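Shown here is one chain on its own, the form predicted alone, set out as structure tokens.
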Amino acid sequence: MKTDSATIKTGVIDTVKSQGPLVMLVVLCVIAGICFPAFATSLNLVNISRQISMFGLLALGMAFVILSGGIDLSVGSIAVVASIVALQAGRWFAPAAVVAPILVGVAIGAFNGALITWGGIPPFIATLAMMLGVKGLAFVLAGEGRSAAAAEQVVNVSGWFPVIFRGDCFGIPYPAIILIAALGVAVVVSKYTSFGRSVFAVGGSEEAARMMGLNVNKCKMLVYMICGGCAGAAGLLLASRLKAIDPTATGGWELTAIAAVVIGGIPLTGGLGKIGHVIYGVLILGIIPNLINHLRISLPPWYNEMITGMLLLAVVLLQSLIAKRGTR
């Protein structure tokens, strides 16, 4: 009987560790559907899918970095610079508006990786410095370093450019299609390629990864380039949505991306988790402000941040308790 009880406990712990984010998402959706009938309408679901697309791309890139044992605080700044580049490039050569922001993100990500691998700077410090520097660059590109209000400006872009965010294919928004495609690629890369296995190995133990013959520095460089490229793609969607330059548009996005990854079951220590589950965290954080809107009351935006913070704290605490129980 004791053996059966221990087996059941182990099974419950394993289930919570692997499917906890999905259970949380299902419970949240059920409660939302019961309390707010308009929540499950196609119009509302399409709206949610558009809203989460940008955060979803950031979270996927962040997932690779966190799995490798790092962190990237610069993704929000990269996204806003990429959006400005997309709008400016769209004035001269339309296809460049799609390619340029992603290339800019990859380049900044590569610089982050170089600072961390060759420079020996801790990821937190390197990406924090990059966040501040790139944010300043965004204001310079937007309005010669002027105030946020003065820097904001509407940009004349090609008629097809707003369609990237607002268009759809058979009722499925283009941003959702982009996010699903990126998610599929991320899952395949993480599960079925040697690079994906290297990311988990480096996150588990850099020293052990080196002893296995893995090129740790190359792996780190690639994860930061991937993260930067995803931030650049998010900036492209932002530019298509706003059709205007706003250097303050991505404030706090990096923390939202980190929260989505952690809620999706990937611990900040790295080396564990499933990238596919990150989408659960993205959906949970996307549904919360939608539910607040359905309350039909005007709440300041920091209520959403407060709820996200409490949810993140609860998830991290649960991960810690499960880890201790598993060790015992």
Partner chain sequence: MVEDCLLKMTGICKAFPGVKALQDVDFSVKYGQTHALMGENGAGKSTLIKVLTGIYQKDAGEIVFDAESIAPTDAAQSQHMGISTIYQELNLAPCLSVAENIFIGREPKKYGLIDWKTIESRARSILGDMGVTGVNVSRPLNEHSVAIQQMAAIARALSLDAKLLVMDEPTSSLSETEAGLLFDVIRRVKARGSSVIFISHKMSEVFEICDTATILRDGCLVGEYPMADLTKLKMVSLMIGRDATSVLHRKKEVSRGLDDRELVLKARGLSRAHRTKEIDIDIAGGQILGVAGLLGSGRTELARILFGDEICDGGEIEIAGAAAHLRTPRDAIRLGVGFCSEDRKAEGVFPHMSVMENMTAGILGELSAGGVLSRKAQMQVAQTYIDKLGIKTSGPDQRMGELSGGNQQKVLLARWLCKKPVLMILDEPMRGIDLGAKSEIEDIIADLAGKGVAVLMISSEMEELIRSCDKIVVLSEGRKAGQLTAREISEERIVQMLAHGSHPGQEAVHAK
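As the structure is a computational prediction, the values presented were derived from the model and not from experiment. Numbering follows the first chain given and starts at 1.
The next section is about a form of this same protein that is not shown, the form predicted together with its partner chain.
In summary, the region of this chain contacting its partner chain in the predicted bound form, judged by heavy atoms within 4.5 Å and restricted to 41-49, 287-295, 264-272, 54-62, corresponds to 264-272. By the criterion of a heavy atom within 4.5 Å, residue 210 is counted among the residues contacting its partner chain in the predicted bound form. Its partner chain in the predicted bound form is not approached by residue 243, whose heavy atoms all lie more than 4.5 angstroms from it. By the criterion of a heavy atom within 4.5 Å, residue 92 is excluded from the residues contacting its partner chain in the predicted bound form.
Using a 4.5 Å cutoff between non-hydrogen atoms, residue 214 counts as a contact of its partner chain in the predicted bound form. Scanning 106, 100, 201, 176 against its partner chain in the predicted bound form with a 4.5 Å heavy atom cut-off leaves one residue, 201. Contacts of stretch 180-202 with its partner chain in the predicted bound form, defined by any heavy atom lying within 4.5 Å, are made by 188, 191, 192, 193, 194, 197, 198, 200, 201, listed in sequence order.
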